[in-house]
Ligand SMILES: Nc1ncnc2c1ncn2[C@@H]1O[C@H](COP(=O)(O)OP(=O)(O)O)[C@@H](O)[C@H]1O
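Here's a solo chain for you in structure tokens, the form predicted on its own.
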Amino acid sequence: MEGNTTFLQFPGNRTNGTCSRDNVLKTLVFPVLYSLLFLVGLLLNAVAVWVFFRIPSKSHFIIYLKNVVVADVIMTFTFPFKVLSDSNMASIGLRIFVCRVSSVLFYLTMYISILFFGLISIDRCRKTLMPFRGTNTARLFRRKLLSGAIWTFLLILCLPNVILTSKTPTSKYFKCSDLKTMAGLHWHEVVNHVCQVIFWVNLVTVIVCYTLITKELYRSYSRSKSQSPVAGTICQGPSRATTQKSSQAKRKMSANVFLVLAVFFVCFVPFHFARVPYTMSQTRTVMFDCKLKLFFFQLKESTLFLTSINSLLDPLIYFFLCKAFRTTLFKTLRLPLGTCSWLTGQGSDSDTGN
């Protein structure tokens, strides 16, 4: 969906009428970081896929997480192509593939993750406000249909970016936008607007949901605090210790719920704030000199790397928020089910997976 990568091999200044982006940050630092990200991400997501294939889809939460896993795996496999392209080690044919396919898949999976983060936030909010509301086969089927509709919608939205990036480069120094037909450039602009809407709607959804979650958790904490002196006069000895442990576990669970919020803000928010001035620097060239264009490009690439880290941070969500994931993982590894309970607050998980 972004299509402005250049492949010049000169320092970061204006050369041959073009503002080159090739510097140490682009050609060395980020390729090394993405290589590490690929190796670690491949390992973590392989474990996640391996575990989730053993978990039945018996809750909305698990259905959403499985979709995020698939998106993360696809995103992870785009990293090697970006490494070769940015480090100027790719052939012209591979660079064309990056423009037509790889970068499109990267942004496709990014916005699929954003949409499912919004759905996960709604599910966590519902779970907090109505903890005793169960689910049934019909609701689960509707969530699966919704998941399929999200993938179908974004695939249809992105497919023209592949088809309409069909021009043959006239020089080895080309941008992805140089490969797009006139219709492709217009469609690219439409897709950018749609993706911005997707992000901002989900950002508002996440903020609203976690505001409601925070208020409910605070009310719950206030109620338990006001009742604790009474409980202390009734319960003595071991019972009081048990109550304190349960309270600590609930506090850990409450903190774990906010992992989704933290990952969303760390990974997705910076990029979308940096993307606005970057896009302006590309479309309104008269207003920006070469140095300013390079600054916004580097800012965009830096925040894009934060977005890529999402593929590493999502497994933390699976582990801390999904008891079914932990249980299956520990059973497979033959570890005691209480392992890491001091971190997760086991027994008070925000989702049982049942």
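Take the two forms, find the largest set of C-alpha atoms that superpose within 1.5 Å, and that set is the rigid core. Bear in mind that the values here come from a model prediction, so they are computed numbers and not experimental data. So that there is no doubt, residue numbering starts at 1 and follows the sequence shown.
This next part talks about the form predicted together with the ligand, which is not shown.
Undergrad: All three of Met75, Thr78 and Ser87 touching the ligand in the predicted complex at 4.5 Å, heavy atom to heavy atom?
TA: Not a single residue of the candidate spot has a heavy atom within 4.5 Å of the ligand in the predicted complex.
Undergrad: I need the one stretch from 260 to 268, 161 to 169, 142 to 150, 124 to 132 whose residues put non-hydrogen atoms within 4.5 angstroms of the ligand in the predicted complex.
TA: Heavy-atom contact with the partner occurs in 161 to 169.
Undergrad: Is there a heavy atom of Tyr278 lying 4.5 Å or less from a heavy atom of the ligand in the predicted complex?
TA: So Tyr278 counts as contacting the ligand.
Undergrad: Hey, in the predicted complex, does Phe199 get a heavy atom within 4.5 angstroms of the ligand?
TA: Result no; Phe199 lies far from the ligand in the predicted complex.
Undergrad: Even though the ligand is not shown here, does Asn192 get within 4.5 Å of it in the predicted complex, heavy atoms only?
TA: Contact check for Asn192: yes, within 4.5 Å of the ligand in the predicted complex.
Undergrad: If we define contact as a non-hydrogen atom of the residue within 4.5 angstroms of the partner, is Cys176 a contact of the ligand in the predicted complex?
TA: Result yes; Cys176 sits at the interface with the ligand in the predicted complex.
Undergrad: Scan Phe52, Phe297, Phe30, Tyr64 and let me know which has any heavy atom within 4.5 Å of the ligand in the predicted complex.
TA: In short, Phe297.
Undergrad: Pick out the residues of 77 to 109 whose heavy atoms come within 4.5 Å of the ligand in the predicted complex.
TA: Heavy-atom contacts to the ligand in the predicted complex: Cys99, Ser103, Val104, Tyr107.
Undergrad: Aligned on the rigid core, do the two forms place the Cα of Val276 2 Å or more apart, comparing between the shown form and the other one?
TA: Val276: C-alpha displaced by 2 Å or more between the shown form and the other one.
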